[in-house]
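A single chain, nothing else alongside it, follows as structure tokens in the form predicted on its own.
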Amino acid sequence: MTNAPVKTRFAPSPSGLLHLGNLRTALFNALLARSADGKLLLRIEDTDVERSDDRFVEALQADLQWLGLAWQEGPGVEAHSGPYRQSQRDAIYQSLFQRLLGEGHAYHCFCTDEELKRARERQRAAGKPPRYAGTCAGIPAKEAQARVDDGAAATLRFRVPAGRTVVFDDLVRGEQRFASDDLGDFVIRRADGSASFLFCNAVDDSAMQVSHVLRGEDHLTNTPRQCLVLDTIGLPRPRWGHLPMILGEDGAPLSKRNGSRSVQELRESGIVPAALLNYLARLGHSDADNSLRDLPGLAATFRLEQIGRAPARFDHGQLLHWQELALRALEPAALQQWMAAAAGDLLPQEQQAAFAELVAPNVHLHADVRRWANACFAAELDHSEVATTTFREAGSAFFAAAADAADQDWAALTALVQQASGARGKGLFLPLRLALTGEPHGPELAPLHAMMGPERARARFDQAAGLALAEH
């Protein structure tokens, strides 16, 4: 396939929500396709009926569309190589199974799960790698078929040829060599009649003319088996590249426990597409250009040789860095919309523009927006013990003076409070900030006070005065 147009693919199983590892795989395949003026194909691998759910098919397509990762072939974008759900391609697989059986390249296996488990345990105890021992390989084909016809449960195994070396050039890791004697005969059809991942994944990549496959390194040992299947059937191989795994901040494989979140969860938290794409484009791929870019810009510097082989470590702080850059790049109307979606009814419509401009440097996520919307517009604040202690130290007269001057502009208000209390510097501005927002740090106080208006500011100062008088 070296001279074929570049076609990559993303082929998720719809058994859960789209997570960061799978999303990075989708992104790298999309960037490789764009960088070569090629196509990205989306295929749904749903042959595992028990684990597949149409809800997740819809969710993952919605996530990809939200991120701008459009596919040029797949569900909704049909071409000659469809259908693009493997559950609708069973006739293709069954025809190939019959061919492999007829040519002696596959055989029925009647071993139960318990028998296979005990065999693996014996192999481990003997210090050998666990692989299928070939128990059913010698059963005559007619006898095996008769047992199947009588209702015996059987998988179908691919007969691995002995004494061969399977070689392929990995796009990320270079030449890879595997001895066929180490592989063991493997299942290509489950006992329920459905095609296994190893089989249909390889067959569909070739049948759909996929030229390049970037996928996780956990699939590396699947590749020699898929090479054997395709070579035996007479189908061309794609070129595979195996991406380094993603670790959590604790150095363990990324999981929900150590920081992994679904794309849906990240979206709901307020992460914007540009932040997620720019971060993941650099997770395991080096890029000298650290500017925020759109997909064409990211594709322009995407190179296979810049994909690392060492595990990449997820860093939530880095994701927030890209989020900050992405929020800064939003048009004012888009930023207001993003904040309004987070703040909900707390944020008056007429204040959206002023609020967005004021708090933008202090927010990264929707939770930050809600916190500041509450600080600016809630009827009352829940003050911390630290804030209450500060109020007592300032004294009720301090806040009475502030309340009396609430309808003045900020410069006049602070001058009057300073004159009444003698407070200066931090002793003047920290109590005022805590009284107005409940927060020790945040946006500039002058525009914040103006946005609140005198009635709300006076109510906040009165609340602080009351807390200053309250007993411990």
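Everything quoted here is computed from the prediction, not taken from an experiment. The first residue of the shown sequence is 1; numbering continues from there.
Heads up, the form predicted together with a small molecule isn't pictured, but that's what we're talking about next.
Q: Answer with yes or no whether N201 is in contact with the small molecule in the predicted bound form, where contact means some heavy atom within 4.5 Å.
A: It does: once the small molecule is placed as it appears in the predicted bound form, N201 has a heavy atom within 4.5 Å of it.
**Q.** Proximity of R215 to the small molecule in the predicted bound form, heavy atoms at 4.5 Å
**A.** The answer is yes: R215 has a heavy atom within 4.5 Å of the small molecule.
Q | R460, heavy atom within 4.5 angstroms of the small molecule in the predicted bound form | A | No.
(Q) Since only the chain is shown here, I'm wondering whether D404 would be in contact with the small molecule in the predicted bound form (any heavy atom pair within 4.5 Å). (A) Although the small molecule is absent here, D404 would stay clear of it in the predicted bound form, with no heavy atoms inside 4.5 Å.
Q) Out of H219, R164, H366, R147, which one falls within 4.5 Å of the small molecule in the predicted bound form, going by heavy atoms? A) Going through each option in turn, the one that passes is H219.
(Q) Under a 4.5 angstroms heavy atom criterion, identify the one residue in F168, Y132, F110, F197 near the small molecule in the predicted bound form. (A) Contact with the small molecule in the predicted bound form is made by F197 alone.
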